[in-house]
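Single chain ahead, written as structure tokens, the form predicted alone.
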Amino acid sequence: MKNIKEAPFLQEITRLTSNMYRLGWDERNGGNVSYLVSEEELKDYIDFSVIRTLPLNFHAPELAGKIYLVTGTGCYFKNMELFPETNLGLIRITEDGDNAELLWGYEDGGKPTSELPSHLMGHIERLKIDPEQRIVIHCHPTNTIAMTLTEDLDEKEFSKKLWRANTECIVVFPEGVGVLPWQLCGTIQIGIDTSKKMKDYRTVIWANHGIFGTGKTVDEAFGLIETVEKTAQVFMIARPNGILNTITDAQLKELTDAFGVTDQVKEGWLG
């Protein structure tokens, strides 16, 4: 068997988590990632034997047999690159959808992030829309959280404030962003409510907490979060001085027409 630490998918995730830590988006043990890995990608690195079985605490038969690389509960993103074998785990969802089989990782006796239900529910919903869906990223970007403290949490209004502040936003997320009012984290309920939002949005913001980004690639999901956070930063810098100039609805329509995303904008959001 090859050294799994050299596997491209593992290196990609450890680079991602280290980068998010350096950006200040994942303080302490904040944030979590889940990434769908194929058996083809794994066959040279593990023998697929089950180390132990972990309860999912919810029913996910839609994901039976799928294997996810998942960050561990209580783990620090700054340690992922150095010690992936304790901070990450490969889990396979059992056929009944009630448990996960650990195939590699969590060598210190650890287990997946407490937000695993939210992640897997998100995967279920996004796979219905995009069969190539592979990744869910949750992190705590500073300016996005700050914006939930000062702005109305109505999705249309929140999305349009981002669109109006930065030209690329409506092109990157023409469907807008989902927004959830504060809820207790790590619960089944917040997973249910987040996954409902993911029927319409690839990005969901948790007020006073953080953001979820999804996609078929690491770059796509990270890029969504990166664009929201950069724009939230611009908005929060400008806000105290008074915002004089924004992109108009007519100009937003020009952008969506030019980039071929008009049909992804919700009806009535551009006047």
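One rule holds for the numbers: they count along the sequence shown, beginning at 1. Please read all numbers here as calculations on a predicted model, not as lab measurements.
Heads up, the form predicted in complex with a small molecule isn't pictured, but that's what we're talking about next.
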Listed range touching the small molecule, judged in the model of the complex by heavy atoms within 4.5 Å, from 224-232, 238-246, 44-52, 25-33: 25-33
Identify, from the list Thr150, Ser114, Gln189, Thr167, the residue with a heavy atom within 4.5 Å of the small molecule in the model of the complex. Ser114
With the partner omitted here, the residue among Asn143, Gln183, Thr73, Asn99 that in the model of the complex has a heavy atom within 4.5 Å of the small molecule is Thr73
The small molecule in the model of the complex: within 4.5 Å of a heavy atom of each of His138, Trp206 and His209? yes
